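Below, in structure tokens: the form predicted alone, a single chain.
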């Protein structure tokens, strides 16, 4: 981890060398997703609720998902742009170094301008918390924290899966964005507004449901039976990273270099 933070420090100093560019990009990262939230607000101006979910409840869901996405996009950017390491032959150098390939790819790139998106998510989270009629308890606050952490692991796992495909395709596949950007847009609403097959897929295959609909049921007192199960469900989403890392390890063993 000392090496990981060293990577982070070096790349932060590199990006801060052009401070005006950094600030402008961060501001852009704040306003682009903010416009998406404005569209949600306008939607609820026309319809007071969607399948029983109010604006402020959806705002809480939105903020958690976008916060998790911003953190993962910043810290796992190396996997998102992994195809460049393959094309340039840089992954060959990574393989001969006495450190984990996962650690080295993680440290190859950070996007600190995502602090703008993270700030926007925090603003929406505060807006939702102020307006929600919820009796907050330490358990519910802990659940909220678990949701964010689990979301970071889920998005990170998807980035790792997308990078693993590059061992066979060389170039990154745009179809992976269906699960990253598309997953973010889908998960900003509670899952029960979608068709049954979508709810099952994004709960049991790509476990967005563990940071979305199920823990929200606990926070908003909509659960039946043992509610503590719903509180701990986000921890299940963290386990998604394990098969992703196993698939990555399989991909590394199959890698035969690009010959560049």
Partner chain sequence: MIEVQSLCKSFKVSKRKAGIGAAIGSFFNPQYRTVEALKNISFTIGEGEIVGYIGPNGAGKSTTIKVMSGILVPDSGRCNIQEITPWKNRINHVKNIGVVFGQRSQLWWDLPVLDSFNLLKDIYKVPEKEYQNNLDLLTATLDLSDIMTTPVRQLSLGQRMRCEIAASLLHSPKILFLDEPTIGLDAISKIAVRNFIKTINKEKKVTVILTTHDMNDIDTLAERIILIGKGQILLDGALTELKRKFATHKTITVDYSELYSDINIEGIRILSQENQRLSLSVPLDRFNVSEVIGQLSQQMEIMDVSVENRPIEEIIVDLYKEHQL
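None of these values were measured; they are calculated from a predicted model. Residue numbers count along the first chain shown, from 1.
Missing here is the form predicted in complex with its partner chain; even so, the following discussion is about that form.
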### Query
Contact between residue 10 and its partner chain in the predicted complex at 4.5 Å, heavy atoms?
yes
### Message
Using a 4.5 angstroms cut-off on non-hydrogen atoms, would residue 95 count as touching its partner chain in the predicted complex?
### Response
yes
### Task
Classify residue 21 as contacting or not contacting its partner chain in the predicted complex by the rule of any non-hydrogen atom within 4.5 angstroms, answering yes or no.
no
#### Entry: its partner chain contact at residue 89 in the predicted complex, heavy atom, 4.5 Å
yes
### Query
Heavy atoms within 4.5 Å of its partner chain in the predicted complex: which stretch among 124 to 132, 148 to 156, 95 to 103, 180 to 188?
95 to 103
### Query
For 14 to 45: residues with a non-hydrogen atom within 4.5 angstroms of its partner chain in the predicted complex?
14, 17, 18
